[in-house]
Each structure stands twice: as C-alpha cells, then as structure tokens.
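What follows is a single chain, given as structure tokens, in the form predicted on its own.
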Amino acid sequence: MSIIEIKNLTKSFLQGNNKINILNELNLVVPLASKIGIVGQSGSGKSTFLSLMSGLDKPDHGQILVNNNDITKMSEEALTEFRAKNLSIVFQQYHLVAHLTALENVMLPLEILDHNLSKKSIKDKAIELLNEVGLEKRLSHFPSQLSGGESQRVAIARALITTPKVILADEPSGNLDLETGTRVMNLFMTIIDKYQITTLLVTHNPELASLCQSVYKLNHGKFEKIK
C-alpha cells in the first residue's frame, strides 16, 4: 500500500531568458511506513523536490498525492491545515524558537494544531518524546544552551509530536560532526521505525541514505533507483 504517489512532476525556473528544467516528469511511489533516501549532487533539485513535497512551492505540472490527497490542487488554507496534520519536516538548521525551552519547542506544534487537548496532555506527550531522544535532563534548557546534536534531537521530537503520516528530512545531520550525526541519525531511524512513519530523507551523504530501505539518485531531473 502506498502513501505517496508522485506523477509526472515537473518544475523549471527562468534564468534570464533561459528556461532551466530542474525536475522533469518525475515519478515515484512510496510504500506506507517506508524509509526512502534521496541523494544527488548539489544543484540536482533535491531542495526543489522537498519544497514541492511540503507544499511550499508549486510544480509546473504533475501531481503529488499524499494519502490520496493531491496537495498541488489545494488552496493555501487547505494545504496549511493538511500539512499540519499529515507532514512534519526535520531541517538541517533545526529552526528551534530561541526564546522557548526544549520542552516548549516540542509542545508548540500540537498547541497550535489541537485545541481539544489539555495543556497537561500536550506537555506529557512532549516529555515522553524528549525522554525517548535522551533529553530528559534538558527540558528547561533554551536552544542556546544545547549542543548541535541536542538541538537536532529536540527538532526530531518536535517533528513527531503531531504523529505525522510523513516526515520530510532535509540533510538532518548536515550541521553535525560525523560521530554525533551518526548517533543522532541511528536514533532517528529507530524512532520512526517504532512509530511506523513514512520518511523521505534528502541527503548528500550516501552512508546516511543507506540506512533507508530504498535509495534514489536525482539526476537530470529524474529518479534513478540505486538501492
């Protein structure tokens, strides 16, 4: 059973008077609860692909079906609501809110999304996730007081709190040294396996991509399966 279907996805940009094709009739089927690695050289279109997948950009044509919903045809309002309930993004830069503690950063998406949950329920879930990523002693620390690896683990917990169907991970270990990055990504993979969350992992790191069940190389605007 698939959760994502990408059909004939095409995206181009104008550079002066020239039209530059970034993605060219891209097709991909992603099975439910699978981990898909996407690699490619700088400029191959990985970031463009993620922007389209997250609904932050629109394709020239083609479809992106997430749980049988075509996000390319949604209004901005409908897309915002759908994204909040179904998609989470783990960024290379963490994007934590500087004036919020680790606990408050993790609670934030659920506070925005679900007004039916009590503050205590949200707090309990956030604490549980922070415990899971090994940060039970960092709940009241601000981002400036956390290491890079700790910040990324907070970001992972934040991405999980809404119980998303899909996680989009954009170079999640790119700002970390090799040892810390490996440790954090092994933890990330263990957690998404536990929660059975479909994951698209975009990375320039072949070793990181190899942790996924399938790996595709983005080359000349198309996917080439390499694992």
Partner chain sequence: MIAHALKELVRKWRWTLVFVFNLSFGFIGFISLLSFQNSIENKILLDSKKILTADLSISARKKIATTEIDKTKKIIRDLGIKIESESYLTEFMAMLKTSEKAQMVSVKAIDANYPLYGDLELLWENKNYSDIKSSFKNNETIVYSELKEILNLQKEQSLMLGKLNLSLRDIVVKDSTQTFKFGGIAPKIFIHQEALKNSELLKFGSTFNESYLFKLKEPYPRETLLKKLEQSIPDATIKIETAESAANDSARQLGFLTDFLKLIAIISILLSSLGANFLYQVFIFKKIKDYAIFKALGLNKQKLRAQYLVQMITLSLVVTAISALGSYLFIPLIQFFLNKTLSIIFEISIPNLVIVLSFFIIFITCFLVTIPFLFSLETITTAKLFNEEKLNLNISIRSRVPQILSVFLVGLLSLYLTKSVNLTLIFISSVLSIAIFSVVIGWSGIKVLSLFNPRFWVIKYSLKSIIRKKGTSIIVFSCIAISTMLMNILPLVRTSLQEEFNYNKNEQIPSLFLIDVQEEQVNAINELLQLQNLKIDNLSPLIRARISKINDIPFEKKLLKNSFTTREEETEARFRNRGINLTYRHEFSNTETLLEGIPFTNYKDETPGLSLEYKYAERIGVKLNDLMTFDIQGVEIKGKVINLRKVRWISFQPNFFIAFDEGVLNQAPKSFIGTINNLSEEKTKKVISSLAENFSNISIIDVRALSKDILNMADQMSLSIQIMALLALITGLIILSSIIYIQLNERTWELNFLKIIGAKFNSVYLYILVEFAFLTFLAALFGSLLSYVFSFILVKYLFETTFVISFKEPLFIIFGIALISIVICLIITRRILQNSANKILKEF
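Numbering follows the first chain given and starts at 1. All values reported here derive from a predicted model rather than from experimental measurement.
A second form of this protein, the form predicted in complex with the partner chain, is not displayed here; the remarks below concern that form.
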- Item | Site check I38, D70 and M74: each within 4.5 Å of the partner chain in the model of the complex by heavy atom | no
- Mark R83 yes when one of its heavy atoms lies within 4.5 Å of a heavy atom of the partner chain in the model of the complex, and no otherwise. yes
- Item | Contact of D60 with the partner chain in the model of the complex (heavy atom, 4.5 Å) | no
- Message: When the contact criterion is heavy atoms within 4.5 Å, does M189 count as touching the partner chain in the model of the complex?
- Response: no
- Task: Please check if K137 has a heavy atom lying within 4.5 Å of any heavy atom of the partner chain in the model of the complex.
- Result: no
- Candidate stretches 28 to 36, 48 to 56, 198 to 206, 178 to 186, one within 4.5 Å of the partner chain in the model of the complex by heavy atom: 48 to 56
- Message: Where, within 86 to 111, is there a heavy atom within 4.5 Å of the partner chain in the model of the complex? Residue list please.
- Response: I89, F91, H95, L96, V97, H99, L100, T101, E104, M107, L108, P109, E111
